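Let's start with one chain on its own, the form predicted alone, as structure tokens.
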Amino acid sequence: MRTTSPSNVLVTGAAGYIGTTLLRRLLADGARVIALDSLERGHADQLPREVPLVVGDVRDPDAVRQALRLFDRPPDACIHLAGLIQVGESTLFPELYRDVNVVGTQVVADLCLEAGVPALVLASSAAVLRPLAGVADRLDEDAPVGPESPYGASKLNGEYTLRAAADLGRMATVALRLFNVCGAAYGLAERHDPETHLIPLSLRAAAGELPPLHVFGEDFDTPDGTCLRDYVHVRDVVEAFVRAARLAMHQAASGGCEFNVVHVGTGQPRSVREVITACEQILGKPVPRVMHGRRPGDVAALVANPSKLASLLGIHPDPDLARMVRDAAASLGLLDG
């Protein structure tokens, strides 16, 4: 897709794992970027020095307005990453997830409309989907939604907010449904607290930095009995955000304020055992683990159909699991040499 890249971008949730990587990708294009983050879960020390940071919550209209006013004209796009992301936590604190993810997205959308921002891109999630019956199914953008967690429900509500904003005819919007984001770029490691992602948990357990890995379920109807998921490199994910912003900018400039949903995954199913084995091979150490029964709500498979990602955004994610694991291990300082 040959369209102009955004030159002025507001990024919310900019101090998180995806956000800090995205900032560097935008800077590589010469963009001016303003970061907005509450720093409750983000890391200011991973922000590029040249990026101004507004410390504030996306639920706070004053904080969002402050960030928007740092631009000398309305930014070309807002990329909205801010939000809570832990499925298990969302079942314990559903009101908190509704407040941060739903109210926060509404505030950002409303103030971007007020400021005349033409393009808004949301970090949504595969958690909005209702998995199909067959483990070989690839879920495209027409797959039925049916979130099984408050987290997934909050992301689906965020998508509805973007659709409504586009329907006003003053802003083009894109929701990127992210599958299992992993790997590392620019040397930026995952630093979730607590960490819930399989690859860093496996690597750090093998290195003796964390207790043994807990694996839930080994009797699914899959080739090795463990869940199948779609792992996509964070480098491909941030490229999807940049190109989604370009698409929305182009649509808005052409008078076509559309709402688009795009699945961001490789289409390659990987089992939990397969990921653990890849981590063991990269480090040359076993991953100690404890096996448990299934958790409520866990599904056998959740894998993207990436056709629209390729056709609309021109992205063909690299499915090389070994590369994802190697990049993650390097970012965590776990590789020798």
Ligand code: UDP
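For the two forms, the rigid core is made up of the largest set of C-alpha atoms that agree within 1.5 Å on superposition. Numbering starts at 1 and follows the sequence shown. Quantities reported herein were computed from a predicted structural model and do not represent experimental measurements.
Same protein, other form: the form predicted together with ligand UDP, not shown, and the subject of what follows.
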If we define contact as a non-hydrogen atom of the residue within 4.5 angstroms of the partner, is residue 272 a contact of ligand UDP in the predicted bound form?
yes
With the partner left out of view, is residue 298 within 4.5 angstroms of ligand UDP in the predicted bound form by any non-hydrogen atom?
yes
May I ask you to check whether residue 196 falls inside a 4.5 Å heavy atom distance of ligand UDP in the predicted bound form?
yes
With heavy atoms only and a cut-off of 4.5 Å, decide whether residue 180 touches ligand UDP in the predicted bound form.
yes
Only one of 221-229, 261-269, 162-170, 115-123 has residues with a heavy atom within 4.5 Å of ligand UDP in the predicted bound form, and that stretch is 221-229
Listed residue that, although ligand UDP is not shown, lies within 4.5 Å of it in the predicted bound form (heavy atoms), from 100, 111, 215, 257
215
Which listed residue (139, 201, 240, 156) meets the criterion of a heavy atom within 4.5 Å of ligand UDP in the predicted bound form?
201
Can a Cα shift of no less than 2 Å be assigned to residue 298 between the shown form and the other one, given superposition on the rigid core?
yes
